[in-house]
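First, one chain by itself in structure tokens, the form predicted alone.
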């Protein structure tokens, strides 16, 4: 296990370095700067650029930025005077993680349940109905589904607030909107894996021995059908946390996604860099966690990876 973890970390280092390098130069070479939206004199702009080191050559800015990253220094938040990028991320990350966690719960509950129901009797009504319902997330993207839920449940029925992140019920509409997008993929993976596993010889043998169907379905088949779903949950979990830009904007949720959009509009280079690095590291971390979970469920994976 330790060998697998160490190997994943060593593989992640050049990936993160490539993300940092590409993002740094793409952001710095894009038109505009953090002071583009402010009406200031040329002298004041020059002093601000000198204060934040934006007047130095790009290679020098890049080297200075890399030197601070091992110590968790993402630089100052230029459009938020008195704040550092690390402080802003630490303040808003609980909101985005909570939103992503609830959305992942919705996606797994709806997706796995729909996939299991559909796999019991493939190519029948009990297969078409749950799979059709789970496809809502694919057919309706978040920027369409979110306003529809707000219009119906928030404005017409007045069951929920249409914006904010204060009351417990404020989590329902954003989490449902974000989670349904991934529920369809989880449902199709669950259904496909279960249909394949149910056809295996050991399942037929268990049926011939008189093992109850619920035991075959819930223990023998489900355990062997879950690895493809778990493999998808790594990038899905990272996508739920990092892909909440639209959701946080629609529902006015004070998380990282909303801050990313605001920073892009304000050309705040340091915040964009910090969030990109954070999201990239988060994706790698989720994938590593899924790999560890898969090796625990199926020790054969650990043996195969250690041999390779």
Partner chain sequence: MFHRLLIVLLICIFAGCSDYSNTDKKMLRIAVEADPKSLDPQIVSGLVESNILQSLFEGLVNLDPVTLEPIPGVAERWDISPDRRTYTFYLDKNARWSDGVAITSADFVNSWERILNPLFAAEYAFLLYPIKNAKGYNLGSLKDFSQVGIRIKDTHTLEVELDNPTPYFLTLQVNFAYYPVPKHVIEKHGNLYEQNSRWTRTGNLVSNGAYKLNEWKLGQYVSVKRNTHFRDNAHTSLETIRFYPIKNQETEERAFRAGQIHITANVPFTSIAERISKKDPTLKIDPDLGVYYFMLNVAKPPLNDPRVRQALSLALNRKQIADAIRQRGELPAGSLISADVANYANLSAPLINEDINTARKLLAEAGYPEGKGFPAVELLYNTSDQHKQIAVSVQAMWKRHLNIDTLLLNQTWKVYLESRNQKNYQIARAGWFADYNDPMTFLEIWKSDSGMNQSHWKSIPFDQLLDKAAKEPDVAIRAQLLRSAETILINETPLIPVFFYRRAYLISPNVTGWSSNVMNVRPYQRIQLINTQPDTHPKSGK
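In this text, all values refer to a predicted model and were calculated from it rather than measured experimentally. C-alpha atoms forming the largest set that superposes within 1.5 Å between two forms make up the rigid core. Numbering follows the first chain given and starts at 1.
The following text describes the form predicted in complex with the partner chain, which does not appear among the structures shown.
You can rule out all but one of 207-215, 89-97, 112-120, 222-230: in the predicted complex, only 89-97 has residues with a heavy atom within 4.5 Å of the partner chain. The partner chain in the predicted complex is approached by residue 160, whose closest heavy atom lies within 4.5 angstroms of it. Contact check for residue 61: no non-hydrogen atom falls within 4.5 Å of the partner chain in the predicted complex. Within 4.5 Å of some heavy atom of the partner chain in the predicted complex lies at least one heavy atom of residue 154.
Residue contact with the partner chain in the predicted complex: residue 203 places no heavy atom within 4.5 Å of it. Residues 47, 48, 51, 52 are the members of 47-62 with a non-hydrogen atom no more than 4.5 angstroms from the partner chain in the predicted complex. Once both forms are fitted on their rigid core, the CA atom of residue 263 lies 2 Å or more apart between the shown form and the other one.
A movement of the C-alpha atom of residue 44 reaching 2 angstroms or beyond is seen between the shown form and the other one when the two forms are aligned on their rigid core.
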